[in-house]
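Listed next as structure tokens is one chain, alone, in the form predicted on its own.
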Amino acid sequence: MKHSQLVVSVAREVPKTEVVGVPVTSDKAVPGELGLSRAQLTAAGFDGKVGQTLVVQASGKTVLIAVGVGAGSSAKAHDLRNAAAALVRAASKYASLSTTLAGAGRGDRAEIAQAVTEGLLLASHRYGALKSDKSFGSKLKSVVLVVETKVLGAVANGSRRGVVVGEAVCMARDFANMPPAHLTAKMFADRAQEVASETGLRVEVYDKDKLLAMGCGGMIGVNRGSVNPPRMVKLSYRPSKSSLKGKPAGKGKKSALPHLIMVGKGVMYDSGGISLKPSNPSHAMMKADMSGAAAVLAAMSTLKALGCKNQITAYLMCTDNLPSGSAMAMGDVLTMRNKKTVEIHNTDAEGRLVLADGLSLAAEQEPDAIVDIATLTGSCAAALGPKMSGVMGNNAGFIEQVVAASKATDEDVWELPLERSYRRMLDSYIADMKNVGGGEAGAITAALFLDEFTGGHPWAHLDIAGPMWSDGDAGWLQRGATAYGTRLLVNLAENFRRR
């Protein structure tokens, strides 16, 4: 199922389109086709900064739009992603657009073409399934990237990758924007099965009875207040033999393929449970509390098309968190998959409980590394704001790989310390631990809680509570659920190396 309405193609010559986007640097000659000097552009308030746009001329039926790309000698892929996003918004009233943007900037042409294509798709995407006005959103249907013949192949390959990744992000956004009644845990698991079938993944779905039998006390406990049953979805990707020619064979029981496991928090709606969230219009966004699971599913959906050479497994931990007469209460003690017992001191700290079962199952597979992604703590959002996620973990080498993926995709992360001395804040006098550590260092104590279930395997935790939602359009981000972390996980999966 296509989640973006935009079709992106590559050509050698400028086709006949309603709009032509012309990249303009802040420090080099102004392209002649604009018919304006640098002084005239400056007088109009346009100086070529990344993301600036200006309609400068209407020639016949063709509209020209100048788009700023910054300094010509330093414009990188992430600049051109944001420039493409600005251009597609400026052209949103028209049906067709062509641009030489993929030929701008410095760097690998395929990488730049991928970034430009991602910017085009992500900025034009809107979740409009529930709008009665079907003209809602951008009217733009097609974009042609015009490049020189010598780089046509590289640009075409990069743009193809951009379409795969951009479509995945749009899918994750659509899932996270869906109202709770439109996407229960069962519905999401059903959709995950469809995605797996379409994208070459193996899929297994675990219902409530299976989760009970497996001892997944975190999932069962969080789900107790809901009339909708939980689901855990396991997705598995293994590259085809033909794509692994030349790879060395594994020794003994160890596979030659690096094995990475992703675990996504899939709380379909979070009311806080018995620890009910206060009445606040912003809590409507708690439908996006499953953004971690959506990002993992979306990332997994790209791996076959991108030719990923690593073995990747994923767990989507899906339930909602609601109050009722049967709901989990403060003081209850849950027994998790790895047999550790947890005393509940706040039912609104539920994400770590479902992740605990997923991490435990991941650890049992003896992977090379585990990454989890979750809208986990308000503390992290308060500390880092809406532009970046926190990353914590138990292995510096693996965290370096996560940070490298962040830099490559312009999905910013900031490492917070996994301060071991804070572990005592989680001590319980009747169980192995509590599910919260008090009023201080909430993001860190949440990560310390998760670390108890990783089995000592290299692990990183991404807390995306801040950037999971955007209040407005900015660069490649659109208002609403952002699907933050999807592109980071794709890059991490492709480039993961065991240490």
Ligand code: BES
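Just so we're clear, the structure is a prediction, and the values are computed from it rather than from any experiment. Throughout, we count residues from 1 along the sequence that is shown.
The next section is about a form of this same protein that is not shown, the form predicted together with this ligand.
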item: Heavy atom within 4.5 Å of this ligand in the predicted bound form - the one residue of K277, K407, K76, K210 that qualifies; value: K277
item: Of E411, D270, D357, D174, the one that lies within 4.5 Å of this ligand in the predicted bound form (heavy atoms); value: D270
item: Touches this ligand in the predicted bound form: G378 (any heavy atom, 4.5 Å); value: yes
item: Exercise: V69 in contact with this ligand in the predicted bound form, heavy atom 4.5 Å; value: no
item: Contact test in the predicted bound form: D348 vs this ligand, heavy atoms, 4.5 Å; value: yes
item: Proximity of D289 to this ligand in the predicted bound form, heavy atoms at 4.5 Å; value: yes
item: Full three-residue contact with this ligand in the predicted bound form, heavy atom 4.5 Å, for K265, V436 and M468; value: yes
item: Heavy atom contact within 4.5 Å of this ligand in the predicted bound form, the stretch among 396 to 404, 186 to 194, 142 to 150, 281 to 289; value: 281 to 289
